[in-house]
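A single chain comes next, written as structure tokens; it is the form predicted on its own.
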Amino acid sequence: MKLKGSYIAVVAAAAIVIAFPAFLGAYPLNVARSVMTYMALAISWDMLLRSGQISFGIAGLFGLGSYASALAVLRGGMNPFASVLFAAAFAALVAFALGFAILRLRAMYFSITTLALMEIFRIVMQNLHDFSGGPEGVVLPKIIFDGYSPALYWLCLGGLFLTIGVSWYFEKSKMHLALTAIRNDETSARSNGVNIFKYLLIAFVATSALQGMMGAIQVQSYGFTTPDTAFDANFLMLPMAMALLGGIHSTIGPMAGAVLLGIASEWLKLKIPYGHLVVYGVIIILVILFMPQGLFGLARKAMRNRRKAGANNE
């Protein structure tokens, strides 16, 4: 009964979110799209983190997806919707190729390498003047769905739902057991028959595809991209802060953190447009020091303590 109730609650929440365009205007829908984009990035970042690998390449793959989609439309004449799928596939292919080199690295070496790759992608796009538009970027002939706000919202929501679905699969399949085993003790996992490289590669490719897809949705929704906007540090710092605040190693945690911090970020950008990244950094530090399991972890701990107290009373 409890499981059935959970499914009903999920379906009801999904129905409400899908119906938002019937009640909200263009600006609130734009804010909602921004929150959903960051939420999807936060969830995808956490999916790889479940293996113990901390990636700083979110913005790099997001930006790569943005440019892959925009250039597929401009240079290849591709349909805008098809370019979103192309961008996801392109980001996955790049991650697959890079995975053979960087997934042998661990801890800070992997993190630093992914951060360096993000900067390399940005510099390459900035210097391919004839192809990528250089520092000025590129402008699409038109916005997908002719800029119709509800359709743009549903497109972004579709990307988020897909990300949540993949994350849920990671939680419920043997991927969860494999990634948890790798995170807890890689040597023990290998001795028990877990193919370390295989599962890390699957996680890296899947999360990269999702990040590239969200980058493509972003550029098709706004109609332009530049190296500075596509590879903006916001797409690294904010998703990480959201996941850490809400609670890592889960799907619900990053979602909760995204709702709280996503709304707050809009206010911060207005009040301190050049200093909001500092706030995200402070949040990351404070959460790591004082609340490593995030809000979702605290909630689970409180529920366990309540059950123990109830059992003791009986």
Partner chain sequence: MSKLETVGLTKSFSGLVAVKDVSFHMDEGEILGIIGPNGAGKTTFIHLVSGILMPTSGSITFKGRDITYAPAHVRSRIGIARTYQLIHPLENLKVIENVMVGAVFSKDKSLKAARKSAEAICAELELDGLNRDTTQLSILEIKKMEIARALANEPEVLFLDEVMAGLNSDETKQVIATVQRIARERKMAVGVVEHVMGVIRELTERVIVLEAGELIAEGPYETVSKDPRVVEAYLGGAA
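Positions refer to the first chain, counted from 1. Keep in mind that this is a model prediction, so the values were computed, not measured.
A second form of this protein, the form predicted in complex with the partner chain, is not displayed here; the remarks below concern that form.
K.L.:
Evaluate Thr180 for contact with the partner chain in the predicted bound form, applying a 4.5 angstroms cut-off between non-hydrogen atoms, and reply yes or no.
P.N.:
Within the cut-off, so yes.
K.L.:
Does any heavy atom of Thr187 come within 4.5 Å of a heavy atom of the partner chain in the predicted bound form?
P.N.:
Within the cut-off, so yes.
K.L.:
Although the partner isn't part of this model, could you tell me whether Val194 comes within 4.5 Å of the partner chain in the predicted bound form, counting any heavy atom of the residue?
P.N.:
Yes, contact at 4.5 Å.
K.L.:
If you check in the predicted bound form, is Lys172 within 4.5 Å of the partner chain, heavy atoms only?
P.N.:
Lys172 belongs to the contact set for the partner chain.
K.L.:
Heavy atoms within 4.5 Å of the partner chain in the predicted bound form: which stretch in 74-82, 172-180, 155-163, 87-95 meets that?
P.N.:
Contact criterion met by 172-180 only.
K.L.:
Which residues in 196-213 have a heavy atom within 4.5 Å of the partner chain in the predicted bound form?
P.N.:
Only a single residue, Tyr199, comes within 4.5 Å of the partner.
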